[in-house]
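Below you will find one chain, with nothing else, as structure tokens; this is the form predicted on its own, and questions on how it binds or moves follow later.
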């Protein structure tokens, strides 16, 4: 149980990648805080973890609401005594050519990915520094932190931005033993990706099967989706790594799409 008694806050953890990381962390002994937009969904996921023998609580957290983020972290500190790990995972996707993209949608996506990462980072860093035991911040980037794809201008811009934020956190946090890294998955078959398949098929004028084979998985070595388990195992490795030797880095888990 390599995370025994560590306190982990995971945003967007009521489903998909975040939920899988939450369960893996709980299996490894962490006290998990499920932070999600809807309290009912967050509490339901926390209840599943508790039923499986783990320790968890749910908090309502709109990651672009400063007061709600700060309250969620304060509630975490009150319940569990501090924060050791932040997984900044909450995100959305908007498919649109640049020439048809509204400014509102551009701002909406960047706010959730970047403002949300900043607000949760700031609150958790404050808690980590106050406790004095260091900590780990992990951002959910993407292959699109390094590569570009058509129809995803705000998403690609936001995911690139997370690399810069992680590097600054790594430098500023080092004196307090706070590490920051970015996980960069390829396409993971989550509801977020399933929603994109018909959207891209319609926009590109191709079949859904062609979107999967010739758009999403074209650059992989084996034509396979990355799994939520793949990402959770990498999140476990980064959270349990014991020194500042591994900080300010991005690690791609994508079946070979984008090789560094």
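As the structure is a prediction and not an experimental result, all values here were calculated from the model. Positions refer to the first chain, counted from 1.
Below, we refer to the form predicted in complex with a small molecule, which is not included among the displayed structures.
Student: Look at the stretches 172-180, 135-143, 77-85, 99-107 and give the one with heavy atoms within 4.5 Å of the small molecule in the model of the complex.
Tutor: Contact-bearing stretch, as computed: 135-143.
Student: Although the partner isn't part of this model, could you tell me whether residue 15 comes within 4.5 Å of the small molecule in the model of the complex, counting any heavy atom of the residue?
Tutor: It does: once the small molecule is placed as it appears in the model of the complex, residue 15 has a heavy atom within 4.5 Å of it.
Student: With a cut-off of 4.5 Å between heavy atoms, is residue 63 one of the residues that contacts the small molecule in the model of the complex?
Tutor: Residue 63: contacts the small molecule in the model of the complex.
Student: So in the model of the complex, is the small molecule close enough to residue 154 to count as touching (4.5 Å, heavy atoms)?
Tutor: Because no heavy atom of residue 154 falls inside 4.5 Å of the small molecule in the model of the complex, the answer is no.
Student: Closest heavy atom of residue 121 to the small molecule in the model of the complex, within 4.5 Å or not?
Tutor: Answer no; every heavy atom of residue 121 is more than 4.5 Å from the small molecule in the model of the complex.
Student: Which one, 204, 50, 39, 192, lies within 4.5 Å of the small molecule in the model of the complex by heavy atoms?
Tutor: Of the listed residues, the single hit is 192.
Student: State the residue from 95, 92, 129, 163 whose non-hydrogen atoms include one within 4.5 Å of the small molecule in the model of the complex.
Tutor: Going through each option in turn, the one that passes is 92.
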